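Below you will find one chain, with nothing else, as structure tokens; this is the form predicted alone, and questions on how it binds or moves follow later.
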Amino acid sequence: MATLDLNNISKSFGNTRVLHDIDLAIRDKEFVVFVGPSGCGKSTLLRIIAGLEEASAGKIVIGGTDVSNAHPVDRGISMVFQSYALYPHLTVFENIAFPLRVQKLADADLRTRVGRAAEILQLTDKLDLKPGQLSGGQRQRVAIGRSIVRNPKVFLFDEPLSNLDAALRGDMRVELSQLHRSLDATMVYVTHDQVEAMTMADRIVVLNKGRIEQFGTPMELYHHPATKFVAGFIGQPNMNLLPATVKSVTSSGITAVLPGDAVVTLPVEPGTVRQGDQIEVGIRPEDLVAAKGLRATVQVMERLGGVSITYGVLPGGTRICAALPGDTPVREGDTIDLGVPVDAAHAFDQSGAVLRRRNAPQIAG
């Protein structure tokens, strides 16, 4: 397999710029996921890597070779699309073998490659069937098998699970992760689903409006988001972003006033904000604790067994979500107190950038 390097990739459609100076270094055998909202440029970037779109500027290097101007078939990549794109009149064997027949590969080698791919994907007993006789997950595996037989340097996946139901998507996430390990391959995967990104990726590229917001491991993005956008996008349920006013600034941090006049002291580096500045304090629903601090009126409870997702509203109308123990004796209309653990809280300035923080005590009330 191979490394994949993107150097200052930009893309414009007419006067509209959709990608801005993308720099990425993807390691050999790494599983990297591009994630972001619709229109962020993730599929366009994948198509540029594949050679299906031409970059307006920049360079693409695969395995040390500049392929910026190479034909897609000469880039050493294989792409799996959102649509299965299978030939309904051909068997599973012939669908998988199709790219090898185009290459006019010797029949013995063709059968060996198809057999290996079918074994990896648990399709050996399906080779004589037609696509119409398969489940959605099996059809997607056939499409993946057609990529495997080409022995590409890099696998590209463009939202391959979006046509499947929720249960099958979960199963296929596991299968794709196992496939990555068995093939020991470099894989680049596009999705808008942050759950897919968190559960499958070695590292995640978070894209927003054609720019990279952050590139790191799933837990780096979860625990150390670089921007408000990443903080709100990564994690389920979404991080709470609470408006706050800086009350005081000292050498050890800042004291901020939250909705309802709750006060929290955060270990933010000095010099980043001043007294009176407006900031946002981020706290994940699963990090809120039953303690004095924020007072919320419960509006909706989602009982999920081990956890109860609790949606409420703070004084002034700010919404808040807390993930509480499943048997928490709380009902709609109740008022609850929620404490903010200082070591799990984040602060963002008006530009959306995270404010650097120091170590701190466990709980602020």
Partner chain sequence: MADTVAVPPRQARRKVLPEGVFAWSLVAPAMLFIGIIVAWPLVETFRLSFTDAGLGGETYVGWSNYAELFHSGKFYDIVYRTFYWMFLSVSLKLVMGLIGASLLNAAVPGKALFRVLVMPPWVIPIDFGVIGWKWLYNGYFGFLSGILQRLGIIADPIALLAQKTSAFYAAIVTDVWVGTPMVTLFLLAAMQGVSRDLYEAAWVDGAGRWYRFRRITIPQIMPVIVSMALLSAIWTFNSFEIIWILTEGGPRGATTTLIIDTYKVAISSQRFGEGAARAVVIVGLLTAFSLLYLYFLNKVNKHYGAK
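Treat the numbers as computed from the prediction; the structure is a model and nothing was measured. Numbering follows the first chain given and starts at 1.
Although not depicted, the form predicted in complex with the partner chain is the subject of the following passage.
### Proximity to the partner chain in the predicted complex, single hit among Val102, Ala167, Val174, Ala108 (heavy atom within 4.5 Å)
Spelling it out, the residue with a heavy atom inside the cut-off is Val102.
#### Entry: Single option in Arg295, His223, Lys247, Arg150 placed near the partner chain in the predicted complex, where near means a heavy atom within 4.5 Å
By the 4.5 Å criterion, the partner-contacting residue is Arg150.
### Message
Please tell me whether any heavy atom belonging to Leu52 falls inside 4.5 Å of a heavy atom of the partner chain, as the geometry stands in the predicted complex.
### Response
Flag for Leu52 set to yes.
### Message
Can you tell me if Pro88 lies within 4.5 angstroms of the partner chain in the predicted complex, counting non-hydrogen atoms only?
### Response
Pro88: yes, in contact with the partner chain in the predicted complex.
### Query
Is there a heavy atom of Met219 lying 4.5 Å or less from a heavy atom of the partner chain in the predicted complex?
No.
### Message
Although the partner isn't part of this model, could you tell me whether Met79 comes within 4.5 Å of the partner chain in the predicted complex, counting any heavy atom of the residue?
### Response
Answer yes; at least one heavy atom of Met79 falls within 4.5 Å of the partner chain in the predicted complex.
### Task
Determine which one of 276 to 284, 119 to 127, 89 to 97, 250 to 258 lies within 4.5 Å of the partner chain in the predicted complex, judging by heavy atom distances; exactly one does.
Heavy-atom contact with the partner occurs in 89 to 97.
### Task
Output the sequence-ordered list of residues from 320 to 346 with at least one heavy atom within 4.5 Å of the partner chain in the predicted complex.
Heavy-atom contacts within 4.5 Å come from no residue here.
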